[in-house]
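Next up is one chain by itself, shown in structure tokens, the form predicted on its own.
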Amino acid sequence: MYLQRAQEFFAFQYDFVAHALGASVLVGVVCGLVGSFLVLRGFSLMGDAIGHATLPGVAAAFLVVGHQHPAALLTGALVSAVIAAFTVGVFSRGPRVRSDAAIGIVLSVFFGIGIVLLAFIQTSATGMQAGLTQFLFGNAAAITGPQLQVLAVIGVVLCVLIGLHYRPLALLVFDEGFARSVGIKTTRLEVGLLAALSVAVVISIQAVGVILVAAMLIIPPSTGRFLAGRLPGVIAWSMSLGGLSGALGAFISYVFEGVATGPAMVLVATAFFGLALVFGPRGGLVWQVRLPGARRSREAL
């Protein structure tokens, strides 16, 4: 049975299979790119906070529109994500609230509001038709052709904009003081990075869900750091492994019924991370064991 379903997957007999595969790969690539700058900047938990913060926006948009209109739901998610991102920025700049505490506060409050709104929707007359709980864990199989086209356009534009600002972003990540000294407006650049994060989260929640989107922002870049020593290499590995995790996640989800695409993507990405943690040439456990031995051998000679 599994072999037959695997053959069906690669034959693309059904449109939803191609849509799910395309969306999953797109999510992995975009999250890998944006996540590389976030991880190196020390903003890893921002992805988690903004991912959870999209839930009240989705629920509020449904209450306003009255039905599942994809554009309205994603717009609500984007508005909520942007508000959450700037709320964290405002809180963390104050003298009394640390950045990690600000992220935790925003994550908890926004997600709590979202759960309350979901409960209200589910008990209303249209609650049974809402189906908004799929945004918690994602449902890549429900993505339509037009939705995939919109997500692809947004993803390409986001990647191009980040590519155009690669050098100042690299300076911001590694040496903010130097970037400021050469005239780069670091505050504006940081706002742009948070805006890119918000967009990446919003285009990912349909496939991965608000709970697991942070994993796709953090795990592939963290894996790339074990495989490359320079930023271009980390980004290349992160985007490649993110896309491959998306493809394999979609495959596993189709072959094994009942397995959602989002969790499958995260598990595949985690497996890559585990391999890099052990065998990665940039700080992997195997190399840490071998290199001291090699040094001792040279010293003996």
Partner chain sequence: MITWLVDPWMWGDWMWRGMLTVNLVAIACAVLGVFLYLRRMSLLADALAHVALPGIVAAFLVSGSLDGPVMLAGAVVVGLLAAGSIETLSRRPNIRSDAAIGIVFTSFFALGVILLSTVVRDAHIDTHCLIFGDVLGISDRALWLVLTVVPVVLGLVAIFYRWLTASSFDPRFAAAVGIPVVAVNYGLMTAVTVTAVAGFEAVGAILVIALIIVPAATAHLLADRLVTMIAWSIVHAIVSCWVGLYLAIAINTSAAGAIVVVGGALYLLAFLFAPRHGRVVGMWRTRSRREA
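Positions refer to the first chain, counted from 1. Predicted, not measured: the structure shown is a model, and the values here were computed from it.
Keep in mind that the form predicted together with its partner chain is not shown, yet the notes after this line are about it.
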- Message: Looking at heavy atoms inside 4.5 Å, which stretch does its partner chain contact in the model of the complex, given the options 186-194, 205-213, 151-159, 69-77?
- Response: 205-213
- Answer with yes or no whether residue 166 is in contact with its partner chain in the model of the complex, where contact means some heavy atom within 4.5 Å. no
- Item | Partner proximity in the model of the complex: residue 241 to its partner chain, non-hydrogen atom cutoff 4.5 Å | no
- residue 285 within 4.5 Å of its partner chain in the model of the complex, heavy atoms: yes
- Query: Wondering, does residue 93 line up within 4.5 Å of its partner chain in the model of the complex on heavy atoms?
  - Reply: yes
- Message: Just to be sure I understand the contacts: of 179, 83, 136, 141, which is the one whose heavy atoms reach within 4.5 angstroms of its partner chain in the model of the complex?
- Response: 136
- Output flag, 101, 115 and 218 jointly within 4.5 Å of its partner chain in the model of the complex, heavy atom basis: yes
- Task: Scan 252-277 and write down, in order along the chain, each residue with a heavy atom lying within 4.5 Å of its partner chain in the model of the complex.
- Result: 257, 258, 259, 263, 264, 266, 267, 270, 273, 277
